[in-house]
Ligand code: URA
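One chain comes next, on its own, written as structure tokens: the form predicted on its own.
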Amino acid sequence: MNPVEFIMEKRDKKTHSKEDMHSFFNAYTNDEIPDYQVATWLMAAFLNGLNTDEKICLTEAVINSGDRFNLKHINKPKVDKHSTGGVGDKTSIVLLPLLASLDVCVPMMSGRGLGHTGGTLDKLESIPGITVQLPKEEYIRIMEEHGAVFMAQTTAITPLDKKLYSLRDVTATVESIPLITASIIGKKMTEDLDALILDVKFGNGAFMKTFDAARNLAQSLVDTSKGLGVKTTALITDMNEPLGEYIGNSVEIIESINMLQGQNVESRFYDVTMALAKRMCHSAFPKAEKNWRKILEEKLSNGDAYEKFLKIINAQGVKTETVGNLRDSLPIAEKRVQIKAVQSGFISAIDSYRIGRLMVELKAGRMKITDAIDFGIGLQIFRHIGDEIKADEVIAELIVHSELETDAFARCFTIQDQPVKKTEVIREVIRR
């Protein structure tokens, strides 16, 4: 392996061999190639792209750089879901116990907040006592007993991805679809999955701002995952407004609890969650001809999904007395500050990105990795795109500790005179 020749190859828009890619990234994982050479290759790959075979090779290198789960002894279909991130997206918190209540094993490795988007692990950690950072053996034990577990990525899993991401972050190559693909699929493929369902978001609150960009990423993720032998389906969903009624950590747990108890069935949050859940069921039981929508609805309405959720968080450290009084155990700020509409009309746009950034400034998220999160801060949205509203009517409420100005939040809601059609949240399904 000659690193300079390898870099030149991608600089000149040539295709790497599988052997060279594995040699290059294995050497980098073992600190035999310096950061500056890999940074140069990252820019060449950003500018000239990687074909499907190269993406598969890079993803394999990420997978093989560290530890992996072996769940073959768990005699259940193993299915996970991944979202590319958005504002108010808490579908994972509902999906994991819902699918587990149907005897599906869900080894869900989730992340923390990134930029303006919240993280599943941060939301879960608003529950007093929960531990998401556990030894690998404990994750497996919980899956054996309860069928699912909320996992944080351990230091032993995909160390190559951690090294590459650190370089991408300082070399302006974060947005590269091939590099994003290897990072996402690389982590998910360490879970020993039978199938994977993807929620690829687009819009002002997503990392992919346009439908075409999201579609390109979804296709890349599906192609790469299938090339590694895992059945994969991607849903492209709209993130031009926050998903659900609440934004924040504890308040999103409350909204998830409501759904797990059969409530909130008329919402974009419910629509996306059920669409993802149905796809997970079809992937888990491909030969079963069942009305999965009806079965899922019953699991929510009869309490089975919520009971499974309580058992899983209890196994992850939440005390029994907290489990029995979960809503009241969550830290919620006591003051409500109203955000009012500046004029009468119809809501035509909601700046989800700006709302996410404003929530981070209020400490509901992190500006830097060392920041502490205030789990009690939240936002409740009462009106959505297409809704009619009158001047000075309450459009949203901040859940905070003290009075504050709301003008910046009010400007996130665009109101026009003419009626506005509500947007569809599920835009396309990509299977291959």
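What you see is a predicted model; the values in this text were computed from it and never measured. The first residue of the shown sequence is 1; numbering continues from there.
Keep in mind the form predicted in complex with uracil is missing from the figure; the text below concerns it.
> Look at the stretches 97-105, 286-294, 339-347, 164-172 and give the one with heavy atoms within 4.5 Å of uracil in the predicted bound form.
Stretch 164-172 is the one.
> In the predicted bound form, does residue 299 come within 4.5 Å of uracil, counting heavy atoms only?
Residue 299: no, not in contact with uracil in the predicted bound form.
> Going by a heavy atom distance of 4.5 Å, is residue 353 a contact of uracil in the predicted bound form?
Result no; residue 353 lies far from uracil in the predicted bound form.
> If you check in the predicted bound form, is residue 183 within 4.5 Å of uracil, heavy atoms only?
Yes - in the predicted bound form, heavy atoms of residue 183 and uracil come within 4.5 Å of each other.
> Considering only heavy atoms, tell me if residue 187 and uracil come within 4.5 Å of each other in the predicted bound form.
Residue 187: contacts uracil in the predicted bound form.
> So uracil isn't shown here. In the predicted bound form, which residue out of 207, 270, 246, 139 has a non-hydrogen atom within 4.5 Å of it?
In short, 207.
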